[in-house]
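Only one chain comes next, encoded as C-alpha cells, the form predicted alone.
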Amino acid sequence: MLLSYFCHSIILIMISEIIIGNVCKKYPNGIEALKDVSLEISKGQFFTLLGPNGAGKSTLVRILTTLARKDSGHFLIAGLHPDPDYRKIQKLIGVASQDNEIDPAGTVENLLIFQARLFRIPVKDATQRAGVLIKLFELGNECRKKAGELSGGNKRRLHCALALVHKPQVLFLDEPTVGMDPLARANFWEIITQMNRAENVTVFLTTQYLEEADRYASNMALINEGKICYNGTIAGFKKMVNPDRALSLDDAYLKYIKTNHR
C-alpha cells in the first residue's frame, strides 16, 4: 500500500509542473485569502486561474513565485520544494506581475541586459537576448528610453519581456496585458503561444480579459473568496454551466458567478 502511494506520488511529480496541496493564507487583518487551495498543472499546459477581484488569484501567484509565504499546505514547482529549493525555483520561473516594478532610471535595453546578468548569463549572450526581446516586443523605438519615460502599455511590454530573459520553464502571467493596446496584445499572445507550443513552456495566467483565456488556455480553475469552485477544462466549464447551448467563456463565467455567488 505504501509502495503504491509512493509510486503514484513519483508519477504525479513527473507529469505535473505545479502541484498545490491545501494551501491556506490569512492576512493580519483577518481576511482569508486562500482556503485549502489544491491544483495540479501539467507540464506544457496553458492554464488560467479566473475569479473576481479579491478572490485570491494574485495571492496564490505571489506564493507560488516565492514572493509571499503560505500559512499552511504545500506546493512543488517542477518537483522542487519552495523552502530548500527557492533559489532553484526562481531560476526556472518567469514572472510578469500586476505591478510594473521597474527601475525608472534604466533604459529598456540596459534593464533587459541587467536582468539577464542577474541570471548569470554572459554579457555577450545577455546583449543578444535583449536585442531579441526588444524586437519580439516591438520596443525598438523605445530601447534607448528610460523606463520612467515609457507609456503604460510599453511598460507592460517591457515588464513581460523581462520575465522571458532567461527562457523560463514556467511562466506566471498576472493580468499581463492590462494597459496594452489591441495590436500590442495580439503580438504579446503570439509570443506566449509560440513559447507554449514550440518550447513546451507551462503558462499560469490570471486575467480579467476572459476572451484571452477562452482563446489561448485549455484548462482553468475558478476561485472565489479564496476557494476553488471549479477545476478542469474550459470546455468542461462551459458545458457544466449550460449543457444545452454553447456559451463563450465570458458568458459562462458571468452566468456561474451570478447563479452561485450572490
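These numbers come from a predicted model, not from an experiment. The numbering used is simple: start at 1 and walk along the sequence shown.
One more form of this protein, predicted in complex with a small molecule, exists but is not displayed; see below.
S.K.: For the interface check, one of 22-30, 230-238, 212-220, 195-203 should have non-hydrogen atoms within 4.5 Å of the small molecule in the predicted bound form; which one?
M.R.: Partner-contacting stretch among the options: 22-30.
S.K.: Can any non-hydrogen atom of residue 59 be found within 4.5 angstroms of the small molecule in the predicted bound form?
M.R.: Contact with the small molecule, yes.
S.K.: Within 4.5 Å, heavy atoms only: does residue 63 come near the small molecule in the predicted bound form?
M.R.: Residue 63: no contact with the small molecule in the predicted bound form.
S.K.: Although the small molecule is absent from this view, report whether residue 52 comes within 4.5 Å of it in the predicted bound form, heavy atoms only.
M.R.: The answer is yes: residue 52 has a heavy atom within 4.5 Å of the small molecule.
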